[in-house]
Structure formats: C-alpha cells, structure tokens
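First comes one chain, alone, set out as structure tokens in the form predicted on its own.
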Amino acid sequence: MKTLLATEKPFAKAAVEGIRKIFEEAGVEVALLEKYSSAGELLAAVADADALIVRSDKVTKEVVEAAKNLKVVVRAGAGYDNLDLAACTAKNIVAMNTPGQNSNAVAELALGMMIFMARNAFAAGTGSELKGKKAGIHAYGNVGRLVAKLAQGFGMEVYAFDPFVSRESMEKDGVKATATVEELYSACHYVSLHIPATEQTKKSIGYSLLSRMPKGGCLVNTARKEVIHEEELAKALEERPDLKYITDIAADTQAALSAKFGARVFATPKKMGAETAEANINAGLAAANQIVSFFKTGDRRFQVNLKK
C-alpha cells in the first residue's frame, strides 16, 4: 500500500517526519512529491498511489483519472474546494478534509486583523480599541467558536449567525444568536466571515449586508474570496467612507480596491490563515491518521464527497 504526499508548498520538516512515522508503524509506504512545478509531475507520481495527501494542491479530474489505484484523498486543512468531488465520487474515491486542525491559527489571525484595522493599519494617528465593540461571527463552526472566545477575551460583545447551529449552543458559550444574517450585520462593528464557498454562498456578501453595518464597520474575511460580491463591496465602500474590509484572500479586483480605498482595504500578500508551525503539523498528522484508520477500519468520518 502506498501513500503519496503531494505538496507544491511542502509541510514543515517536523510534519513530514511525523507523517512518515505514522505510516511506517502502519506498514504503509510513503512517497514525497514536494515543490513540483507542473501538473504533469503530479499525474505521474499519483499513478500507483493508493492514498493521497495534499494541501492546497488541485486534485482535478485529470489527477483522479491518472490515479488508477487511488482509494482515498485527504486535503490537510478545512477547505476542500481544491478537490474535484464529483470526479472522486465517480471513481469511488473517498475524499476527506481535516476539520479543526487549522482552526486556532485562523481564529488568531482574524483577531489580529481586527486589531490591525482598529489601529489604522499601524500607521501614525489615533486608532480605536476592540474592547466594548460588537463582534459578529458569520458561521459558528470550529473557527467561529474560537474567534468568539478570543473576542470575548478582548472584552467584545459577541453575536453569531448560523442556521445549522442551535441558539442554545451559542448562548451556552455566552454568544448572542441572531435570527437572521441581516440582524448580525446590523448589530456588529466587526463581522468575522467563516462561511464556505458553495453555490448558495458565492457572492452572497455584498451591498445589502455591508451597508447595514454600524459606523466604522469592518468585514474580516478569512474564509474564501468567492463569497464576496466584489462589485457590491466596492459600491458599499464608496458610499460609506467609514467602512473597512480586510481579507486573507486577495480579491480578483484587489489592485483596484486598494488604489481607490487605500488603507480601508487590506489583503495579506498570500493566504496565511493556516500558516503556523502548529497548524502545519496538526493537519498533516491528522491526514495520515485518517488514512490509516480508513484502511484499517473503513472509517469515513470526515468524508466530504457523496458515498456511492
């Protein structure tokens, strides 16, 4: 049995060593493909793999077709839009993610972004404090819960909206549940965005929601750029000189937004939500353990594609 660890951007050395150890103890061969520069390299390397671990690497239909022995692929991280789920399902390949392993890293970044914008991007001048402000959590999953807890530590009043999480669960955490997403944006000075990019959510965050935010409102996006309606974002920023937007995923129109709105809009140079040593190791080890469990017991707990 062979597992391919295919990472254009490699795991940390400690993560690779840990992954190797997990597979060696389970009697599984490990092959590494790191810093590859073409899709052809991945197509060749995956040909005889029974399992595949990737980070943000794209597992396309072509990759799935080339992987004649592949039975399971694990995206080391929470998001999995880099996996062609339909292609995996068609070939009876189980696709998984590793939810929760990067959550703390992303949550800490979200709070760091709030501080950055509250302090005028660390430029000279008077900023503001987070204490006493209202923080909104849009999607109360693994990351959202941690952002809520950290925000409470800063003395913020925390609200959340998530139609898939009960009001009782949120209130038990000291979080005020809103009945609608409009209510969340209307109430909160900072909204931390954690929704996935689906057909229902793509371009769902736009003028209608942003224009409801209180004076000085700031949207913090550590989720996906696809959920933002960029034209409507620009309209809201133009009409409301007090609004701000900070993102860990540069918009397609980022250059134009930055040129027009200056320090009110900021994007990290590259996606860095999960870029901590701890998250890097945690996600890699989780992926390896999930593959071992899958082959040993048939465990599909974190499967994200349809079961045939």
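Keep in mind the model is a prediction, meaning the values are calculated, not measured. All residue numbers are counted from 1 along the displayed sequence.
What follows is about the form predicted in complex with a small molecule, which we do not show.
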Determine which one of 266 to 274, 253 to 261, 34 to 42, 236 to 244 lies within 4.5 Å of the small molecule in the predicted complex, judging by heavy atom distances; exactly one does. 266 to 274
The small molecule contact at Lys9 in the predicted complex, heavy atom, 4.5 Å: yes
Closest heavy atom of Ala76 to the small molecule in the predicted complex, within 4.5 Å or not? yes
Wondering, does Asn221 line up within 4.5 Å of the small molecule in the predicted complex on heavy atoms? no
Tell me, yes or no, whether Asn69 is in contact with the small molecule in the predicted complex, where a contact means a heavy atom of each within 4.5 Å. no
